[in-house]
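Next up: just one chain, as structure tokens, the form predicted alone.
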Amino acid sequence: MKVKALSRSSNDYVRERSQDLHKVQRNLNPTIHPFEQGREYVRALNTVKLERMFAKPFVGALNGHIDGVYSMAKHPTRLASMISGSGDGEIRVWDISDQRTTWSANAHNGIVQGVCAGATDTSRFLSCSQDKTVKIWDTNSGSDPIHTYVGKYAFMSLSHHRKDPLFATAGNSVDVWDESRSEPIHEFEWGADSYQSVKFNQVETNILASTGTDRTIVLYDLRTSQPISKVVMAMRTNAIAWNPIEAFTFAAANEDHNTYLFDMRNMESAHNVFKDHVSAVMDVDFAPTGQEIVTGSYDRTLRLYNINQGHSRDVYHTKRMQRIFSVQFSMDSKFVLSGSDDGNIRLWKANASEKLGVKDWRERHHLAYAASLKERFKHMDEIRKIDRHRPLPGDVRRADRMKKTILSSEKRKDENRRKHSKKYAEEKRIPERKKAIIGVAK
């Protein structure tokens, strides 16, 4: 008589090592697990609550400056290097990982308005000031400048070409300098009395942009040695930042509390408007991934945005932090730095609830599962409410409430005009992305 026996491999249920979890066979048929969706909703809710509970974004403060920090720049090739300039003319080079100063010098007789890293040598960087000088420094050759360039007027901003020994300055005009010459090789002007900031495009390296006191943003091309186009805003733009991934995209930090995302090929309308600040936005910077921006404002808060969303995903603040004049992403996109006029540079996590340090494979799988649950149930009211909640300082909260009241009353007034007046009813509605743009010239 032949007997048939069921058999299975021991690899399906025996652990390879004694430290491993026991293997459990499970049927994933949803009809057998009718309460699975409810259990996953509870897990997603607990995930959001734990994220808010353990959200500790502040990492540390880089102390050393005795005046406000008005300019900062990250090094494009050194992951942990950061350059800062203060109101008393001092420049410092920081090691972010150790949170200490590696090099410092009393560089200028006025406020350091701009710093940037050089392109040809990793130890070189440049600085400009209101004392009408631009200086090139080398951290390996002491605290004396290698070269000094003297201008006719005060310099307000500085930017270096990505590969070539060229740099641009903003003052009474936008000047392009060659490091081997003592005079500018190009000088650009288009109607403004003075220019507040200038920035080279890091992808299309022949393009640079500037912002002027006449509320304009002007684009220039080094190949033709002339301006390309100009957009006039309703209020002044304080700073600009180019997207490091998308060649034609840049962000503009404006005095009207908003930051605007533009495509240089069509500046008739902004691609996105980043809101939520209650005072002028002083600086903006892109993450190296090109998918996020950070803004610093006069309202003493720091906000992080996804470039596809109009409202901030996070806001950072402390009791002692004063008005923020400079912000930077780190080169690994994991940290954000802010410089304020209280003399401190503060280091923040880009994701407030992210755990620093090494995570084993089991913890990584758990965090990935929790993130997928949060993404799946993010539309639920309770989860969305907890995820969006951020404590704000009292004055910022009151200003935000007042600003929303003013905007809603203006909207209601416009609707009443259109409802009761034929003249206003025939007027075209202006999209939010075009309201701040007065015109474009080419």
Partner chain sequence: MPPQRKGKKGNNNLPQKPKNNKNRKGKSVNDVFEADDDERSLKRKGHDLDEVDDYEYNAQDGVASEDDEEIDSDDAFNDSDEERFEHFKFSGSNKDKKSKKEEEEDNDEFSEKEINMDESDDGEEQQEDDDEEEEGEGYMDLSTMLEDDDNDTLHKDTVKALMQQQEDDDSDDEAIMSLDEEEEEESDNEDAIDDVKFIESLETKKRKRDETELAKKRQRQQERTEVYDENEFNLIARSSTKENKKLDMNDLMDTMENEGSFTTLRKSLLELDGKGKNVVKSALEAPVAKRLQDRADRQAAYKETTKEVSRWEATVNQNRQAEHLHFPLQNSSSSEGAGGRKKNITSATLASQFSAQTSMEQQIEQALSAAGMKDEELEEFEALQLNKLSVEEVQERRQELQMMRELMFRSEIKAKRLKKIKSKSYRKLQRKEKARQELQAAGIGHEVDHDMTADEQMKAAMSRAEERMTLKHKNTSQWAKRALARGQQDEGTREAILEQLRRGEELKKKVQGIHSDDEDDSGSDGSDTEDRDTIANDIRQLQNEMEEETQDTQQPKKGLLGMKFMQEAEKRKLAVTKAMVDDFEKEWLDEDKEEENVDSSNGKIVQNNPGRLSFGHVKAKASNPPKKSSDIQVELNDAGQIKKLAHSASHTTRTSGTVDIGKSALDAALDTSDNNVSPWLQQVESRVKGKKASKKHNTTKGKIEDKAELNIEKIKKSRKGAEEVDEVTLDLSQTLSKKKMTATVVADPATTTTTTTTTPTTTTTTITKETSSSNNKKKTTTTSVKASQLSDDDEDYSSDDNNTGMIHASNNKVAFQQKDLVARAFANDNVTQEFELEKAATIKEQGDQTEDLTLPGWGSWGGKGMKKKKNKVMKTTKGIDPLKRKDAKLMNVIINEKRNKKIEKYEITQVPYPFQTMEQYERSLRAPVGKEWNTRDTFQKATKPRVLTKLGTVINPLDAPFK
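Residue numbers count along the first chain shown, from 1. This one's a predicted model, so the numbers in the text were calculated from it and none came from an experiment. The term rigid core refers to the maximal set of C-alpha atoms that superpose within 1.5 Å between the two forms.
Heads up, the form predicted together with the partner chain isn't pictured, but that's what we're talking about next.
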Worksheet item: Given that the partner chain is left out here, which of S157, T249, Q328, S312 has a heavy atom within 4.5 Å of it in the predicted complex?
Response: T249
Fill in: Among the candidates N106, N140, T77, T102, the residue which, in the predicted complex, approaches the partner chain to within 4.5 Å (heavy atoms)
T77
Fill in: Region of this chain that lies against the partner chain in the predicted complex, out of 227-235, 276-284, 147-155, 122-130 [heavy atom, 4.5 Å]
227-235
Worksheet item: Is the gap between A352 and the partner chain in the predicted complex 4.5 Å or less for some heavy atom pair?
Response: no
Worksheet item: So, in the predicted complex, is S97 in contact with the partner chain at a 4.5 angstroms heavy atom limit?
Response: no
Discussion item. How about E382 - does it come within 4.5 Å of the partner chain in the predicted complex, if we only consider non-hydrogen atoms?
Written reply: yes
Worksheet item: Contact between R8 and the partner chain in the predicted complex at 4.5 Å, heavy atoms?
Response: no
Practice prompt. Could you list which residues of 360-375 come within 4.5 Å of the partner chain in the predicted complex, counting heavy atoms only?
Written response: W361, H365, A368, Y369, S372, L373
Worksheet item: So with the core overlaid, does the Cα of K434 end up 2 Å or more away between this form and the one not shown?
Response: no
Discussion item. Taking the rigid core as the reference frame, tell me whether H420 has a CA displacement of 2 angstroms or more between this form and the one not shown.
Written reply: no
